[in-house]
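Next comes just one chain, in structure tokens: the form predicted alone.
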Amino acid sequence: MVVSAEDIRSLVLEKLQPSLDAKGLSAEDVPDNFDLLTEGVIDSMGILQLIVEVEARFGITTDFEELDPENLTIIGPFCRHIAKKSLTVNR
């Protein structure tokens, strides 16, 4: 299954909507460089749960070894990395 970064972003923001609501943000307000961890939307355990959720939803397994750890919690790089990996997994 090829997954787009936008598909992943939609799922992530849907899952995090209660936390975004608490901060007065809508999905449309979240910029590409939004850091979910430093903005207090998610914690480190939440990141792991989110990864598991994304992998289960789209039927893919991703390796984050190639992703700069600082970008793991930033919405844009996180979503693009998973989308890119879904292309290589499905070839």
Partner chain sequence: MGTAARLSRANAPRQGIHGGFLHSAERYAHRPAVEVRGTILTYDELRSRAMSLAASLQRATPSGGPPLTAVFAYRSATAYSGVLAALLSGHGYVPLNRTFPPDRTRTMLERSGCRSLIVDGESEPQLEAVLQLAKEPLLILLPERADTRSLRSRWSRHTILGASDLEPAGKFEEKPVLPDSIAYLLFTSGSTGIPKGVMVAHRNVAHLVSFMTARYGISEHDRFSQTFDMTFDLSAFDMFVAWERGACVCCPSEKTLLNPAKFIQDAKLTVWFSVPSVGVFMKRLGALKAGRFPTLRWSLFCGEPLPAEIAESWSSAAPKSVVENLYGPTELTIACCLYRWQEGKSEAECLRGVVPVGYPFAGMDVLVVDEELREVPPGEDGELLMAGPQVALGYWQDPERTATAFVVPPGRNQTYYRTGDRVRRPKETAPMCYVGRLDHQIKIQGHRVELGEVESLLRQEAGVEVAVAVGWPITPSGAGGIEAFVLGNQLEPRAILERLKRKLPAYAVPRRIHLLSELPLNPNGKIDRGQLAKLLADLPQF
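Small disclaimer: the values here were computed from a predicted structure and weren't measured. Residue numbers count along the first chain shown, from 1.
Beyond what is shown, the protein has a form predicted together with its partner chain; the following relates to that form.
* Using 4.5 Å between non-hydrogen atoms, is L50 touching its partner chain in the model of the complex? -> Residue-level check for L50: yes, a contact with its partner chain.
* Asked: With the partner left out of view, is I74 within 4.5 angstroms of its partner chain in the model of the complex by any non-hydrogen atom?
  -> Flag for I74 set to yes.
* Partner contact for S26 in the model of the complex: its partner chain, 4.5 angstroms, heavy atom -> Contact with its partner chain, no.
* D43 near its partner chain in the model of the complex, any heavy atom under 4.5 Å? -> Result yes; D43 sits at the interface with its partner chain in the model of the complex.
* **Contacts with its partner chain in the model of the complex - residues in 11-26 whose heavy atoms fall within 4.5 Å** => K15, L16, P18, D21, A22 sit within 4.5 Å of the partner.
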